[in-house]
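Taking the form predicted on its own, here's one chain by itself in structure tokens.
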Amino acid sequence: MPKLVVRCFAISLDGFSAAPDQRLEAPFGRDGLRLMGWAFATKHFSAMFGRGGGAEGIDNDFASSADANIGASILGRRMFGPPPDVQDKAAWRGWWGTNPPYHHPVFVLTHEEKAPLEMEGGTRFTFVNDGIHSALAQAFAAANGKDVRLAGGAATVRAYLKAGLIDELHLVQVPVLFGQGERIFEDLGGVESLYECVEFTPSAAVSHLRIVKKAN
């Protein structure tokens, strides 16, 4: 049965997935790219960015399997891109340039009304104005029997967690402290009864945690 999954979602030691002051030049916030150093060092990410080399091993294995069996994705508006008052509203095309890394249908939760956006490489952004359940239904329909990946950001993951809609959550805990920013585990009383951690795999750089919804 298709699942809603979160994969390779990096958080700091104090639980933040983005630092303060997110802007066009700093999508992860001020000095927030420290969360992604482990990923950029892998062979998988090096190939994604057109570079050679990169490390193999535990982190690369998790990174390279993150897109397995994914047929569609869901993003929050801030994960899609900066607000349209930062970019020209008519040309609002997100963080990702002309060829985003998704290559499948992507559903963006937003209050902004915008026509679907066709990009290079098979990515099609559809902007959803009527909530998380509508986005999930549309994403499952578009995924054609494959899983749907919930790519973030923090507020979007938190909303789906609070609703008990996520089937599997892979977190990458990075040994840095932010002190402030955006957390996914905030105001989630009761979530502990719905989910359990079933895997803890440390590498030399980070720790990988897999959290799944408990069976009924």
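The structure displayed is predicted, hence computed values, not measured ones. When you see a residue number, it is the position in the sequence shown, counting from 1.
The form predicted in complex with another copy of the chain exists for this protein as well; it is not shown, and the discussion that follows is about that form.
Any idea which of 179-187, 60-68, 146-154, 41-49 reaches within 4.5 Å of another copy of the chain in the predicted bound form, heavy atoms considered?
-> Of the stretches listed, the one contacting the partner is 179-187.
Find out whether any non-hydrogen atom of residue 191 is located within 4.5 angstroms of another copy of the chain in the predicted bound form, and reply yes or no.
-> Contact check for residue 191: yes, within 4.5 Å of another copy of the chain in the predicted bound form.
Does another copy of the chain get within 4.5 angstroms of any non-hydrogen atom of residue 53 in the predicted bound form?
-> No, no contact at 4.5 Å.
Indicate whether residue 171 is a 4.5 Å heavy atom neighbour of another copy of the chain in the predicted bound form.
-> Contact with another copy of the chain, yes.
Does residue 10 reach another copy of the chain in the predicted bound form, with heavy atoms at most 4.5 Å apart?
-> No, no contact at 4.5 Å.
Triple contact flag 115, 131 and 135 to another copy of the chain in the predicted bound form, non-hydrogen atom at 4.5 angstroms = Not a single listed residue reaches another copy of the chain in the predicted bound form, so no.
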